[in-house]
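Okay, here we've got a single chain as structure tokens, the form predicted on its own, with questions on binding and movement later.
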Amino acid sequence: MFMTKTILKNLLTKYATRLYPFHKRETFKHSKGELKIEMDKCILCGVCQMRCPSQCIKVDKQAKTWEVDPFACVYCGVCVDVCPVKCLYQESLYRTPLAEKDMVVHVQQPKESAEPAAT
């Protein structure tokens, strides 16, 4: 009988927690989220790969590719800070759960056109 008061109180009040899928919280200002790259600006220098503490970035200069394993990334932002051309940035939103095949983000630099520039 001593819990009846507590049970009734809990049944008649609103939830103490947020109903996640239906009520999403806005991200905090200056939060570090998913790592993105502007591949057309990238010079494939490999500085981000060398300075990454979790070694989640792979740069291949011959194939002109850049890839990151988002589940190995610790979202520290070191790669963003050391990039000489500032082509790396972090979005404020976190990565959503994906299928297993989409675990590694693979980006290839655009091929330069073989046509000479018109003068």
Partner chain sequence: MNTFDVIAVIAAVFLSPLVGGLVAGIDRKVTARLQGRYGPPILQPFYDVFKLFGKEKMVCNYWQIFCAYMYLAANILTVVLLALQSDLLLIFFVLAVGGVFLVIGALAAESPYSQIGAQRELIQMLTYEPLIILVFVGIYLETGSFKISEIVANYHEPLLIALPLLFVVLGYAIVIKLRKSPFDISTSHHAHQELVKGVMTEYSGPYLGVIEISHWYETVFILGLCALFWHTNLIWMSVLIVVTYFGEILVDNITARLTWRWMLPHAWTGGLLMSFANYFWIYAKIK
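Residue numbers count along the first chain shown, from 1. Think of the rigid core as the biggest set of C-alphas that the two forms share within 1.5 Å after superposition. If you're wondering where the values come from, they're calculated on a predicted model, not measured in any experiment.
One more form of this protein, predicted together with its partner chain, exists but is not displayed; see below.
- Within this chain, Lys14 lines the site of its partner chain in the predicted complex, having a heavy atom no more than 4.5 Å away.
- Though the partner is left out of this view, Asn10 does reach within 4.5 Å of its partner chain in the predicted complex, counting heavy atoms only.
- Relative to the superposed core, Tyr15 undergoes a Cα shift of 2 Å or more between the shown form and the other one.
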